[in-house]
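In structure tokens, one chain follows: the form predicted on its own.
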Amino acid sequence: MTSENDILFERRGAAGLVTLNRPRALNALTHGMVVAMKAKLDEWAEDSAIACVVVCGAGERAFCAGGDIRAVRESGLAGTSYALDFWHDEYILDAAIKHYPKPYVALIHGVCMGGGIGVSAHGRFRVADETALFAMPETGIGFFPDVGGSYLLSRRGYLGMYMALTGARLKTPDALFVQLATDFVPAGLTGAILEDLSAGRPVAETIASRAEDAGAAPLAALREDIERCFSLECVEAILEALDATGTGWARETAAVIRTKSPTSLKLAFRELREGKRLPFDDCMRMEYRMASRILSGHDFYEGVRAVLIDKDNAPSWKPYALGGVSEEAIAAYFAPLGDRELRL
């Protein structure tokens, strides 16, 4: 259930400030939060006194850890409308952020995953501090990188495919390298950014004046191996290439991929291939088709159980191997929904 205090809105001078306010839940998004945020963004878009929008997360641990997946799972099991209502309105919010007419600034600290990517990475300015940790970990819970992941990750080349299949967690230098973040500003200086934006100072200049060098990105040293392995024509070929590479990184990466849902791996692979040729809004429509079909399957419920509920981290995937997932089964997730399509 959503409380009116789960998301806070404040006019602070020339800035409209959004605070995701569920720190005990790592600011995970509920349906009520995404609906309220979309309504407020619409209001501020028409308000000449608001020059920019700033989004942050309450507490020290997270900007936003994603959607409230427990509630989505419960809805799917009970056959209620909450799950589809949540995804429907979350994706509409993500599209609104992508197309927002005013500067949109995400001040990112701590965990930023899944739905947190959706409410940050589609905005023009993604300012990360030294504590930020980015990931799209959905293949580990029987889902797929949504909230525009098909658009974002497909445009990061083979680094995006690597992120989608492994759920790799990226610290700020790597997030800058793959362009999920635009700027590194130390935590002690982000308050000054908000003060300057509230005073009506230009957004780009304000952020640039506080931005610093985040240091070398570990992924940069692995780019050649990632491109060679993750450019191949199917998930099985990617795993074969990793096995043949023989380095410690390759062995660890292959082992991680083999723990993920085989269905989710093949969904994510096709999703990024499809997303690369689609404009943003069509990517969101595709993802809504996929999410609608997830609820009829097995792995999402099992993955959330294993990772978030029982926390045994021992999901029993069905099918349990990549060879058991047919191309026909995957294609069904992408079929049009008719009059139930996402309308943006």
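Just so it is clear, the structure is predicted and the values come from calculations on it, not from any experiment. Quick note: we count residues from 1 along the sequence shown, nothing fancier.
Below: the form predicted together with a small molecule, not depicted.
Student: Here the chain is shown alone; which of 314, 49, 308, 39 has a heavy atom within 4.5 Å of the small molecule in the predicted complex?
Tutor: Looking at the other structure, the residue within range turns out to be 308.
Student: Can you work out which of 34, 283, 65, 55 has a heavy atom no more than 4.5 Å from the small molecule in the predicted complex?
Tutor: Result of the distance check: 65.
Student: Decide whether residue 141 counts as a contact residue for the small molecule in the predicted complex under a heavy atom distance cut-off of 4.5 Å.
Tutor: Residue-level check for residue 141: yes, a contact with the small molecule.
Student: Can residue 137 be called a contact residue for the small molecule in the predicted complex at 4.5 Å between heavy atoms?
Tutor: Judged by the heavy-atom cut-off of 4.5 Å, residue 137 is in contact with the small molecule in the predicted complex.
Student: Can residue 290 be called a contact residue for the small molecule in the predicted complex at 4.5 Å between heavy atoms?
Tutor: Residue 290 lies outside the contact set for the small molecule.
Student: Mark residue 14 yes when one of its heavy atoms lies within 4.5 Å of a heavy atom of the small molecule in the predicted complex, and no otherwise.
Tutor: Residue 14 lies outside the contact set for the small molecule.
Student: Heavy atoms within 4.5 Å of the small molecule in the predicted complex: which stretch in 40-48, 23-31, 290-298, 273-281 meets that?
Tutor: Result of the contact check: 23-31.
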